[in-house]
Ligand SMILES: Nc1ncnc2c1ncn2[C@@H]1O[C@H](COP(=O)(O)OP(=O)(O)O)[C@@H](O)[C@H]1O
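Just the one chain here, laid out as structure tokens, in the form predicted alone.
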């Protein structure tokens, strides 16, 4: 008797892969193999109380190059956080696999740093104590002095040098999130995963931290994957923007290249020639197209092949 549809589909990856041949060639090839490959990923919850199995998403396949910042946009219920949890190794998919640096992700690892929506700080430890705890977990062979110096470097990087000895109860929301960012960076992960880390902040603090996050990631060349509901945040931060259709049975509809220059700033976004074409494309997807994505192109073994989009300039209006 075949296994029920919510069971993980064999076969699993048996050996590390530098590149999985089931993935289609990237129309925008890079010189190096991707750091992370998501291969035909699916998540289905088992049937309960006479109801059929519930498919959150299916056939997700995409890659992320080293040093790139990727944002994921989609409506609530499409499985964004579940996808991030699978990338982090905190949740197992029912189908497909995630390959990081040639090895399949099978559980949590310090190769992946996670910044959650909530701060998740230890309230009895100072800023320095929270970060040195993570550093000791990552580098247990280091001396206490070296671990402290390493932690202080990242505390300074996020602008909290004067607050290093304060406890979380003495910090504002924006400062707490800076601690989370510093902690995620301090373990020097291959991949930094962020689940709407700025979503709970007020508009002014959020804008300031967007600038700081862009500066830090650019300076450290940290490979990053971030969930956001904010289109302008995605435009400012991301090199590529992954668009998911509405759930259930969500799929990746398309992947959009960000055409704006790497020197872009939040204050200057609206002056960039491609800002409005890009923003209009993303808004049009979320408002109109996300509920009507064609799903018939999901293939066993490689999933749905999402198109990679280069947004075109708006046509010049006729006089």
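If you superpose the two forms and keep the largest set of C-alpha atoms that fall within 1.5 Å, you have the rigid core. Positions refer to the first chain, counted from 1. Nothing here was measured: the structure is a model prediction, and the numbers come from that model.
As for the form predicted together with this ligand, it is not shown, yet the points below apply to it.
Of the candidate stretches 202 to 210, 68 to 76, 142 to 150, 166 to 174, only 68 to 76 has residues whose heavy atoms lie within 4.5 Å of this ligand in the predicted bound form. Using a 4.5 Å cutoff between non-hydrogen atoms, residue 56 counts as a contact of this ligand in the predicted bound form. Taking the partner from the other structure, this ligand in the predicted bound form has a heavy atom within 4.5 Å of a heavy atom of residue 45.
Although the partner is absent here, residue 81 sits close enough that one of its heavy atoms falls within 4.5 Å of this ligand in the predicted bound form. The rigid-core alignment places the CA of residue 51 2 Å or more apart between this form and the one not shown.
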